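Provided below as structure tokens are two forms of one protein chain, presented individually as structure 1 and structure 2.
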Structure 1
Amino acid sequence: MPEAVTRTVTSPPGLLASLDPLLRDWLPRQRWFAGKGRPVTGFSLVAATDLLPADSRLGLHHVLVRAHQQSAPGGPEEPGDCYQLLIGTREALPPRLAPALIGHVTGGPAAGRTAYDALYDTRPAEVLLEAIRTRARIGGLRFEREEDQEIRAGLVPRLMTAEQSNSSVVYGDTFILKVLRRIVPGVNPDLELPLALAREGGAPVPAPAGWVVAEPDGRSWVLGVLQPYLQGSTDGWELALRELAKGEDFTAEARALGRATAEVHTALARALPTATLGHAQVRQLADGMIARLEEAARAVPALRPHAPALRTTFTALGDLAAEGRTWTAQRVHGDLHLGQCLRAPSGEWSLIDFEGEPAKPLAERRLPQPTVRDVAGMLRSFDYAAHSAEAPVPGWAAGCRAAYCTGYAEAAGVDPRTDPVLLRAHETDKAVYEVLYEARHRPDWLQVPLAAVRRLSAPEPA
């Protein structure tokens, strides 16, 4: 086993100041930047470390930077989200790295050089894997790996270019490093839950091989997670659309995916504490759903006619709790949909990306919740897939939804449909969220969640 490597090094003073004008233009254009629509007015440095010296042929700077933005047009400047940047500097950028360009630096320690997103480049990506392999300590960065995990040196990296809220580098079809972009201090569930599942055993979730953390202020910030790369796997969204385009049935896959989801839930309940939700907790849950409904109805006029009926779905949940009904809550995936699932060529499904909804506070993402939270997310995902097909396939979504719940019951011993009030409340809450999101970001998709709203607001059949 390689000995841990320790180097004490920080970036030279003036680096962020020299990059400031370039980052103001570049950062808001990135897919993973959360503050869209508001200009960046400045930056404050959280931490900076040189992974390769600034005066070498290739400089590599690891930067944690907080972007400042106005809370509203004309409003005061406020410190916003913290982002992880890996910035490379070269005298000239080769054509293959043109998509990574940040800009040309005119002052400071990198004056006269070109700055770019280093994850596009082979050598910087190799530096990250080697640091994990050797369990390096470089400045304020700590690179870790599981004791029994072997990582070969020299694996060739490539950046995955698919749009996502983080960045991923694949190493030789053996490992994939997920580099978190918008980061917060604390225990990140994207490391916490797969690590707990790996140590528990038996869940269809890739086990972490290594990870990267920083402690700039005494608190731990998870920066990246290295996992096995499931070569030849297809994500559930792509697979569903492919089968839809061919007019093929997807219910067998949906059923297998339901079983995999239940296996993950069962393992999480064994590995981590559970909780009982009584009247007070469920009342709080229902009140939160009602508040989100009211916010969405204020913003989206098309939702308003359905709001009273949707509200009764949430109050019905509170009424059950008032009668003494309780539910078990546990750790769940938190943002489950077809795109968070991978099907291997052998037909086995795996669940990935346990970060939860990034827009929600970390403490909220780590709360125990009813498992139907994940089930509802997947049911809505089947609906989205059906509406994405060029030629509609009648009954496709309904068949998948039923098959998924059947598969879930086979593995869990409990069918989520046997608790219709709880399931309906969570599916309605998800659809309301989608209405607000699509109205703000993708108006052409608004009819998809509105169709679900019309279905969910109709009286339940006897």
Structure 2
Amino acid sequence: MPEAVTRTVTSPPGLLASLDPLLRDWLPRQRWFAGKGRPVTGFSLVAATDLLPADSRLGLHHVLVRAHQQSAPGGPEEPGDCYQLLIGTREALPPRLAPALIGHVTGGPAAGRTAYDALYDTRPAEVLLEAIRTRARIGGLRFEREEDQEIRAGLVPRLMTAEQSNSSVVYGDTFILKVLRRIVPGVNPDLELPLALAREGGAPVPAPAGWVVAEPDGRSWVLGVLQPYLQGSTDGWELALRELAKGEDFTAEARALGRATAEVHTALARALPTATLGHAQVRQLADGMIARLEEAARAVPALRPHAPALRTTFTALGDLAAEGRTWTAQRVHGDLHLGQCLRAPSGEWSLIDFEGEPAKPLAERRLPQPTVRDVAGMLRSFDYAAHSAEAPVPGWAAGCRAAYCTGYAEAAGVDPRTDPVLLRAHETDKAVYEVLYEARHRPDWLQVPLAAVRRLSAPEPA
């Protein structure tokens, strides 16, 4: 086993100051930037570590930076989210790195050089994998590798170009490293849940092979997770759209997805604590849904006319609890949709990306919840796919939704449709989340969850 490499290096003072004006322009343009719509007014440095010696032709700076933003347009400036950046500096950028450009540095220790997003570049990405392989300690960064996990040296990296909430690098079609962009201190479910499942065994979820952690302030911040790359797999969203375009039936896949979801839930319930939700907890759950509805309605005017009807769905849940109904809660995926499901060429489905809804606080994302939270996410996703089809295929979403629940019931022993009030409340909560998500990130898609909101605010058929 290679010895852990320990180096203590921090970036030269003044580096962030010289990058500040460039980052103010570049950061808000990144898909993974969470504070859209409010200008970035400055930065404070959380930690900076040089990953290559200062005399290298290539400067490689690992930077954790807090973006300061106005709380609202025209409002006071306040420290906001913390982001992980891997900043390279070179004399000049070769054309292949043009999409990575951050800007030309005019002052400070890197004056005269060009700064760029180094994840696009081969050598910096190799440095990250090599650090995990050798369990390096560099400055305040800790690179970890699972005991029994062999990582071959020299795997060739490539950055995935898909629009994502984070950035992922694939190494030789063997591993994929997810580099978290907006980072938070504490136990991160994106590492916690796959690791717990791997130790439990048997769930269709890729097992973490390594990870990266920083401890800039005595707390632990998960920065990245390495896992096996499921070569040749297709994500459920792509597959669903492909089948829709051909007018093909997708119910067999939907049923298999239901079974895979149930297998993950069963393993999570074995691996991590569960809870019983009584009156007070369900009241809290319903109140949370109402609060999210109110927040979304404040931000998105088109939602407002539907808010009173949607609210009754949430109060119906509270009423059931008042009658003495209880529910079991456990750890769940938290943001399950077709894009989080990968189908291997063998036909086996795996679930990925256990980060939960990125906008929610970490503590909330880690709470035990009814499993229908994930079921509702998938039901919404079939609806999204049907709306995105070039030509409508009548009954496609309804068929998939039913098949998914059937598959889920086969593996879990409980059909989510037998608890319609709980399921409807969660589906409504998801559609409300999507309205806000689309308004902030993809306004062209807003009509998709709004159509669901119209359906869900109509009285339930008797």
Ligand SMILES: O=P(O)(O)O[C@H]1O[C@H](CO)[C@@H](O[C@H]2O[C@H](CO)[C@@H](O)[C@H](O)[C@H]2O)[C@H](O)[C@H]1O
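Please note that residue numbering is based on structure 1, beginning with 1 at the start of its sequence. Throughout, rigid core stands for the largest set of C-alpha atoms superposing within 1.5 Å between the two forms. These figures come from a predicted structure and were not determined experimentally.
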Q) Among the two displayed forms of the chain, which is the form predicted on its own? A) 1
Q. Superposing on the rigid core, is the CA of R311 displaced by 2 Å or more between structure 1 and structure 2?
A. yes
Q: Once the core is aligned, please say if the CA of W26 is shifted by at least 2 angstroms between structure 1 and structure 2.
A: no
Q: Superpose the two forms on their rigid core, then report whether the C-alpha of E434 is displaced by 2 angstroms or more between structure 1 and structure 2.
A: yes
Q: Can you read me the CA shift for D444 between structure 1 and structure 2, rigid core superposed, in Å?
A: 4.2
